[in-house]
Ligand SMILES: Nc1ncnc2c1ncn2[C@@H]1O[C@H](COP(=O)(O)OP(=O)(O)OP(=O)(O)O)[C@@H](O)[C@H]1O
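Before any questions on binding or motion, here is one chain by itself as structure tokens, the form predicted alone.
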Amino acid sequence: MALLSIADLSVSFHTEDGAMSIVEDVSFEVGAGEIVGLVGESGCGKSVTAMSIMGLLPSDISRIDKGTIELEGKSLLDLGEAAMCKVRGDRMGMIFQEPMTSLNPTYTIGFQLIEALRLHRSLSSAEARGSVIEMLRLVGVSAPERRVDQYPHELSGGLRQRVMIAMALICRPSLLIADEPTTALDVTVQAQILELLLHLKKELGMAILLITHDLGVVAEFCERVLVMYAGRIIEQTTVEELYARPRHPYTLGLLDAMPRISSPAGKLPTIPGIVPSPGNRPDGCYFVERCAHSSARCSTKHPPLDGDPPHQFACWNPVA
């Protein structure tokens, strides 16, 4: 049984122009102890998918139209907010994109971590503080006994991200969702954070859903990869298979656009056009207007996710 199982998930947002479909018919699984990458351009629905799993979508403007989300065989969509709060942070944790806006600037690091820990564990204040210092040390925060009493603005971007990782892992969850965990960090700190996640995955035995737009990161750290475009999963397979034999033209475009040492200066390939907005998606394949492999059929009917597992792709004219 998969640790996380999502089937036919569709999410819409309510706007002045009516309901806008953001995520459509998304299905995938994450196994225990597995690292799965979810990749795609900005605006393709990666973060909305993550927030749906965590139960953090704003209830006043969003709606899960259909589908199921199960963690360890239990349906998350059937849980009320109180029950979901017990799961969130305990059985699954999340690292958000920007730690400076995710951490409360008016409270110390220690207060925020202790609050998360005591919500799920029956610990005294002294026990909780000791556990927090231990976790800060585990994620590579220097002098944790001092850092625990500092405020977010007193820490560097890399340290704040490590604090966010500590907060997500303080209860040793079985699943960690990392949403662009290295955004706005310099390349050296990015590498340190990713190596830290890999170390913690081995240390704690947890699974990771790594959301990123960087296929280089996926190649180095993930076992399987899901490629998302305009709210849909359009290709999924092992990392090795994806790099050796991409089948969807969009995936091929992403791979071709990766910087390489051999790439001529100033001549990095790009995918023409932009991701269609939710209210302006084509009738057929959502990639049709940017695709060099399209045919008449692509403009009228959306291709299903097909192919033999573990390699599946949604394309009428796949790359040979």
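This one's a predicted model, so the numbers in the text were calculated from it and none came from an experiment. Residue indices: 1-based, along the sequence shown.
Keep in mind that the form predicted in complex with the named molecule is not shown, yet the notes after this line are about it.
- With respect to the named molecule in the predicted complex, the three residues Thr15, Ile22 and Glu180 uniformly fall within 4.5 angstroms at the level of their nearest heavy atom.
- Taking Asp65, Glu41, Glu70, Glu289 one by one, only a single residue has any non-hydrogen atom within 4.5 Å of the named molecule in the predicted complex, and it is Glu41.
- Of the listed positions (Arg137, Arg91, Lys201, His213), a single one reaches within 4.5 angstroms of the named molecule by any non-hydrogen atom in the predicted complex, namely His213.
- Remark: of stretches 26-34, 41-49, 248-256, 290-298, the one touching the named molecule in the predicted complex is 41-49 (heavy atom within 4.5 Å).
- Interface residue remark: Ile274 is not counted as part of the site for the named molecule in the predicted complex, having no heavy atom within 4.5 Å.
- Using a 4.5 angstroms threshold between heavy atoms, Pro269 stays clear of the named molecule in the predicted complex.
- Within this chain, Gly284 is remote from the site of the named molecule in the predicted complex, having no heavy atom within 4.5 Å.
- Residues of 54-73 lying near the named molecule in the predicted complex, listed in sequence order, are Pro58, Ile61, the criterion being any heavy atom within 4.5 Å.
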